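Next up is one chain by itself, shown in structure tokens, the form predicted on its own.
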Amino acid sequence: MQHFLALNELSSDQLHELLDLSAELKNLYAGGGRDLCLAGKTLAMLFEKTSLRTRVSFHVAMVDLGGDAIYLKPEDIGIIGKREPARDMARVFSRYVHGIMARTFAHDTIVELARFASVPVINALSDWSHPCQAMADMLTIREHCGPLEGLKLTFIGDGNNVARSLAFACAKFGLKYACATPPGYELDAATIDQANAITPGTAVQTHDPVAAVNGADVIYTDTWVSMGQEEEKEKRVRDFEGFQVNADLLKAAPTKAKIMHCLPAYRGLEITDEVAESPNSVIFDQAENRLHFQRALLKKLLA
């Protein structure tokens, strides 16, 4: 594994290895142990978008493994490719650091960084893909629901980068995946087709959230208004009426279904406070597991 850009590019064996390593390192650190495999190494963290979980979890993961991280905020670097071409940045950073983590708008930026870098490049989020989040989610589901194969994950909301990465994760780990969106906000057909090509029968797209949660082991939602879509907020709130994860929707789901959200959550829009704070919610376990997965990823790529 040279880079970590999107889950559809990696094998099931590679992803299972990362998940197992995440659990192993989580247990090690919970017991007071340490693995200083990245002593003397540095990660460049490039941010076009602001962040809480991504910034803190990657920085802590590097320090936990004995290394260091340099945070480059949006005003430092601007939009990658406008102030300076991504290909130039990739070659410069490759002379300075041992790995590049980038949180960008365009996925092509991540791809270009990886093409020209001589060190590993990690996609910490792009508008097309959020693979670190999906892997932390798989770790969380395994912890709460047991073996992944055969489980059902239902995503309610916008067919966005998180929805896409979850579709690929489900295909790679053997879960069933239902994506329920309003008309016009579907997960693209190419993603659904690719997920089903990886594992036949994995993914379905629907406009019926009630039917989608039937038999779900996990019910997952995300913001209706992603970064860069703020001008569309009023329209999106209208369009997503009926797609809120609330107590009424959960009446159609199994009582044991776990509730997930990758955060930040806008209580009263895509999810109610009652559901987010319910005993079935594992939202903050997801947030914690970003750290544990990213430790494993950094060890695999940089050690």
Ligand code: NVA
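Note that the structure is predicted; figures quoted are calculated from it, not measured. Residues carry their position along the shown sequence, with the first being 1.
Missing here is the form predicted in complex with the named molecule; even so, the following discussion is about that form.
At the 4.5 Å threshold, heavy atoms of N214 stay clear of the named molecule in the predicted bound form, well away from it. Looking at L125, you'd find a heavy atom of it within 4.5 angstroms of the named molecule in the predicted bound form. Heavy atoms of T223 reach within 4.5 Å of the named molecule in the predicted bound form, making it an interface residue. Though the partner is left out of this view, N161 does reach within 4.5 Å of the named molecule in the predicted bound form, counting heavy atoms only. Among the residues C262, A69, L250, A276, the one placing a heavy atom within 4.5 Å of the named molecule in the predicted bound form is C262. Judged by heavy atoms within 4.5 Å of the named molecule in the predicted bound form, the contact stretch among the candidates 161-169, 201-209, 109-117, 143-151 is 161-169.
Residues of 127-148 placing a heavy atom within 4.5 Å of the named molecule in the predicted bound form: H130 alone.
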